[in-house]
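A single chain comes next, written as structure tokens; it is the form predicted alone.
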């Protein structure tokens, strides 16, 4: 059951697609009060209550004990003290004395204090808001009900579940070919190569640098013939340059965000002085989406949207103010306060609240200053592309995912979790985020495997891949300043080959479970306690996940570890995949604690009693995958039926094609 309460006049977000009657008054079980122009919702937590959700956020699976500031933020220094990341997903699920869900539908800043100020209090602070209280008999039912009202999740083409290699720094066609060659010559599977901003002409969206990529159409076709797709980046800001067709056309149509006087608001990002498409205006949103046609026409079938919080390096006016201030300090003897004031003028230029309060949108429900609707920007930029794809080729599934997002975005595209680092703590954070993202509808999600910033190690890369094979978005991505982290760049290529091949071995299971969950509202990635709610130990498990209907995973996430301890909450069958999935061993384990050794080239997971799981032979890409001769992992005493997705991998209309396979003990 869902009950909606409205406070004030919140901006329209279109996060919820199943209309709900709205009530005023107290949103049971919360109390509410006004403080300094904000509304503060409070709930007293039980001693053993857990709190899940918030999608892409810091800390563990259980969010109790920290403060979370949901304000989409471009800042790659993601340490444990951070409170804001790239997405804002304002859904929580309280699990305990009373189990319920709550969605705070506000596109401005929303702060969740979950036992930080007071260990026993949950408070949510925001402005005008629609609050949805979701009730049900179990955590799973509450998530299903929430997912029902926010709409079905995006399903990409099947090739998007293959392995992807990405890097900021593939500067030309030769670099792309070298990656392709490196994977193929070393017998490493590959389905995608990503292109960062280097492919553009002067970092301008929807352009191609002809010196670096003289014939993108031919390159895309050549790679696609080998089952490898090119996936270019698209940024949010448009270069403010006369003669640049996107700028000229958008300016003529009035499709850019404006200042208080109605003039285009100028910021700076990668290409220098730029303007921001007003993607909250439906006409401007579709116009921006239509710009993707220039790349679609060249054979591109996948995109990743970036810098769409929106990220701002500086605004023209505030940079001028900082320079004038600095000039006034020239020649002075600066003490620590004066020096701090000087440097602060420049340190605070990026992503400034002053700037976010200085430009406006023409939204469906009127004119809004950006800060009131900030968290909707990336969602609507990406929505515009998806809506145009439906016009360009209505039944075709395109790969599309984004850095910034809000609930509702999940209907149009996936997300990646932003610019992480090559730290073991970020591998753990990757695992912790997955159930929260799933609760908010983001099934097609994942992190930059190996870490985006800093220098990974062979061991970290292998362990991260070993977890990543169970996440729908499976991409190795790094900055140009990091060491090479392509899988063939390391000494132990055989171990990389084994782990990557296992992704393709389990892909029939992962893909089938994904499509089922997208259609049904079930969770693909779940906390262990969701499946074993009466198990006190399961409540404390933070480093294991249930994946799909059949399995539990427990990846190794510690440096130099030869294995790990695993809590098995019920009788299961332990599966050890070897040799890229070409071989496996199995043994039954009873409920309890086990130390499991896991070599770098193997994967261990656990099959639930009464469950089965299909395995395919490894392949060099998704197109080569043979799903007609499947092997079966099984822990059954009588025949069971397993539904496997038999769609064509490309069209929306084929997603209902499932085959029931009877599996014998």
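Please read these numbers as outputs of a predicted model, since none were measured by experiment. Residue numbers count along the first chain shown, from 1.
The same protein also has a form predicted in complex with another copy of the chain, omitted here; what follows describes it.
Checking 580 to 588, 243 to 251, 384 to 392, 454 to 462 against another copy of the chain in the predicted complex, the stretch whose residues place heavy atoms within 4.5 Å of it is 454 to 462. Using a 4.5 angstroms threshold between heavy atoms, residue 637 stays clear of another copy of the chain in the predicted complex.
For the chain shown alone, residue 330 is a contact residue for another copy of the chain in the predicted complex, at least one non-hydrogen atom being within 4.5 angstroms. In the predicted complex, another copy of the chain sits beyond 4.5 Å of every heavy atom of residue 519. Heavy atoms of residue 428 reach within 4.5 Å of another copy of the chain in the predicted complex, making it an interface residue. For the three marked residues, 119, 346 and 349, a heavy atom of each sits within 4.5 Å of another copy of the chain in the predicted complex. Only one of the listed residues (547, 566, 373, 149) places a non-hydrogen atom within 4.5 angstroms of another copy of the chain in the predicted complex, and that residue is 566. With the partner removed from view, the residue among 174, 97, 211, 80 that has a non-hydrogen atom within 4.5 Å of another copy of the chain in the predicted complex turns out to be 80. In sequence order, 313, 314, 319, 320 are the residues of 281 to 320 having a heavy atom within 4.5 Å of another copy of the chain in the predicted complex; the partner itself is omitted from this view.
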